[in-house]
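Next up: just one chain, as structure tokens, the form predicted on its own.
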């Protein structure tokens, strides 16, 4: 729905208003409307629109299934083509490693897709609309007037026309827009170092028979172990390619495409793979993307996914965390609106942070090289490898997995074993 709300809509009440029509918003809305609640999504942009984060994890498929969106995704992939994904490949200074997500410890799907987010997000939003969720594109939340006894928001559309919308509960799935953290002054500096990323889509022209398009390729820069690249192939012969590193690694005077190409050419394997590549559209840069908040919930509101906390893109955990937050929040919203007591800290914030902290442990170990040593170790115990594969596949909340249950201690011991002599 792109049109301005009618006079009848201006004062209309909803059970739940969701900010943002991305993956967390679509999953949350689909779950809530299935429980008979009225849901409005306010989306500032118009779909389809570009978004980064194209490599899904298999755990996402479980959340999409729960929300009744999995079949639509599988059907689209079969009919029109999303790139099948079954794992992650790694390269560092001529050495290769790979994890097959079907060979994992945790139950659930072991495959997923690599998707252009413009298409993927619109597909989920369109399917959510079919479930009788109202989506208003080009409408942004300008202020939160009240949170109690009801939520009241001031909203404006593309034409600058302002109106109010009321609800019993508010969910923020605005991602990097971080609408509520900004409006409610909840922003908190991340404990992660500030890193920059430069990226673009390419017609990749990869003609190397050994290259596996069914996996994301993560490459460590041969000169700086804290600089890494992603290469995410799509089914149409294009790919998303990016480089991530500390700001001092990059020359800020260069255009983003020049920075990206300079770094691609520093790695012989990437240079070989991308020798026939041509950029599609403009190269982009994101700076200081890691973020945190003082709290994930409050009076009649909760933050979903990246609106609350974003760690780092190295293991493609962003969309998985976003969908997990929606899966956790939706039943709690229903219970609260039914008049039941909900402990949002113990039932939402702590369970969500449990898996986020698992990812955090592996991200930190990646940058201090201890997990890189694990990845490139040439003698892996099969059982341990399956446990690590599960986490890389997104199953970071599976407490049956010893590397989830006690991730810091176990990964530390494993890294010590894999330390190069």
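Bear in mind the structure is a predicted one, so any value in this text is a computation, not a measurement. Residue numbers count along the first chain shown, from 1.
We do not show the form predicted in complex with a small molecule, though everything after this point is about it.
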**Message:** Let me test this: is every residue among 87, 219 and 374 within 4.5 Å of the small molecule in the predicted bound form, going by heavy atom positions?
**Reply:** no
**Item:** Location of the small molecule contact in the predicted bound form, chosen stretch of 123-131, 343-351, 137-145, 273-281 [non-hydrogen atom, 4.5 Å]
**Value:** 137-145
**Message:** When the contact criterion is heavy atoms within 4.5 Å, does residue 313 count as touching the small molecule in the predicted bound form?
**Reply:** yes
**Asked** Taking heavy atoms and a 4.5 Å cut-off, does residue 117 contact the small molecule in the predicted bound form?
**Response** yes
**Message:** Can you tell me if residue 197 lies within 4.5 angstroms of the small molecule in the predicted bound form, counting non-hydrogen atoms only?
**Reply:** yes
**Prompt:** Using heavy atoms and a 4.5 Å limit, would one call residue 261 a contact residue for the small molecule in the predicted bound form?
**Reply:** no
**Asked** Ok, 59, 358, 55, 390: which has a heavy atom sitting within 4.5 Å of the small molecule in the predicted bound form?
**Response** 55
